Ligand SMILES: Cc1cc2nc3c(=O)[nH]c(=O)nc-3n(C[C@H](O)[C@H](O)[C@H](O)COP(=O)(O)O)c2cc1C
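Here you get one chain, nothing else, as structure tokens; it is the form predicted on its own.
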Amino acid sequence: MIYSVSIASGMLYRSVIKKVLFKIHPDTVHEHLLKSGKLAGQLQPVRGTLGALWSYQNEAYLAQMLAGVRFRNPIGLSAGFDTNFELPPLLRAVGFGHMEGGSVTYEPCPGNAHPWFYRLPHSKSLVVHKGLANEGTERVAERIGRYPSKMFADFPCNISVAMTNAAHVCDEQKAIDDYAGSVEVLKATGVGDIITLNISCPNTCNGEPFTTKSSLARLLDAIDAIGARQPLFLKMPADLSWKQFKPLLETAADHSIAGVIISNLVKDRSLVHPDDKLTPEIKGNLSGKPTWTTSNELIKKTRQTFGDRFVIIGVGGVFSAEDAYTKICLGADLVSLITGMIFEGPQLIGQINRDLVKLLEQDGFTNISQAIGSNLRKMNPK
């Protein structure tokens, strides 16, 4: 019965609700979703109803312990949707197994000028040009700290940290100090189960200064010196060749980085479907399906080269359980998404988890950990 309701919800979303929402500018939709989602999350009857209708949990098959953190299922929300951590109650209720909020910056940041988003329906993508708009690390940490401790007991909170999008932070040392300031706040407040250093936001005036081996080493030296209790992850860039990408992982492996998120937005506009109109004046970079191939290739090579050194969160182009399973079988421990939910509906999270169990059973696995990198083992049997 619940499965039928979930399927019907998806059909209703795609055939009716999405058509209405897609007639409204995505900036406006995002703003209203945050307001309505925050209100809905405060109402226990709403959370309970959504959880009963959409959430699916099967911890025997889907739960894992990674980097000392327990995940009840592998499907998470990527950073960029709930920047200021206003929606954890709702996100937990609809069935996410973890969330990455932010990115937050040491100083409050208004972000880039609007518009921030532009839809590419044929490409199953969004053009994103938000520019790290957020309320600042200190205020966001205070908000996270006000949630009941049970909120994140089985729903890990991953706080993405970036450098403030401002001209006065362009100097490398100032940028390092900016990252360090945020990590020190999170260490002092003790909030968050994971801290992610976002070194790959392409929509800022500062660019991506820590995507060389030497600059990343200087940043991670400073972060290591802080000694945060939370495990540290890196949000990796998508537009580097493996020859450029691998040295960043080698540097991370020499420091206290426990995990990597692969990967961020892509810049290559040739990946856009020809029926989507993407003119030069539309600023930003691409989410969703255009990131699929790049993300998968980097996940595969990271797992092949570094084995179990890193927890890998696979991001990019996940619209179904089959998509999520592809990333897992290539080496991702966990999977996160945003664009898939926007195109398919919020019931997608439970559907992915439910269908993942079926895929695991078909392949003879009794826990998702057994499937991680399984395609690589087939390619390179011992």
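In this text the structure is predicted, and so the values were computed from the model without any measurement. Numbering starts at 1 and runs along the sequence shown.
One more form of this protein should be noted, the form predicted in complex with the named molecule, which is absent from this view; the next part is about it.
Interface segment, criterion being heavy atoms within 4.5 Å of the named molecule in the predicted bound form, picked from 245-253, 212-220, 73-81, 166-174: Flagged stretch: 73-81.
Residues G102, S160 and N198 all lining the named molecule in the predicted bound form, heavy atom within 4.5 Å: Affirmative, all three are within 4.5 Å.
Partner-contacting position among I338, L356, L50, L66 - heavy atom within 4.5 Å of the named molecule in the predicted bound form: Answer to the contact question: I338.
Distance check, K235 to the named molecule in the predicted bound form, heavy atom within 4.5 Å: The answer is yes: K235 has a heavy atom within 4.5 Å of the named molecule.
The named molecule contact in the predicted bound form: F85, any heavy atom under 4.5 Å: Heavy-atom contact with the named molecule at 4.5 Å: absent for F85.
In the predicted bound form, V128 touching the named molecule (heavy atom, 4.5 Å): Yes, V128 is a contact residue.
Partner proximity in the predicted bound form: F117 to the named molecule, non-hydrogen atom cutoff 4.5 Å: F117 belongs to the contact set for the named molecule.
Residues in 259-273 with any heavy atom within 4.5 Å of the named molecule in the predicted bound form: Sequence-ordered list: S263, N264, L265.
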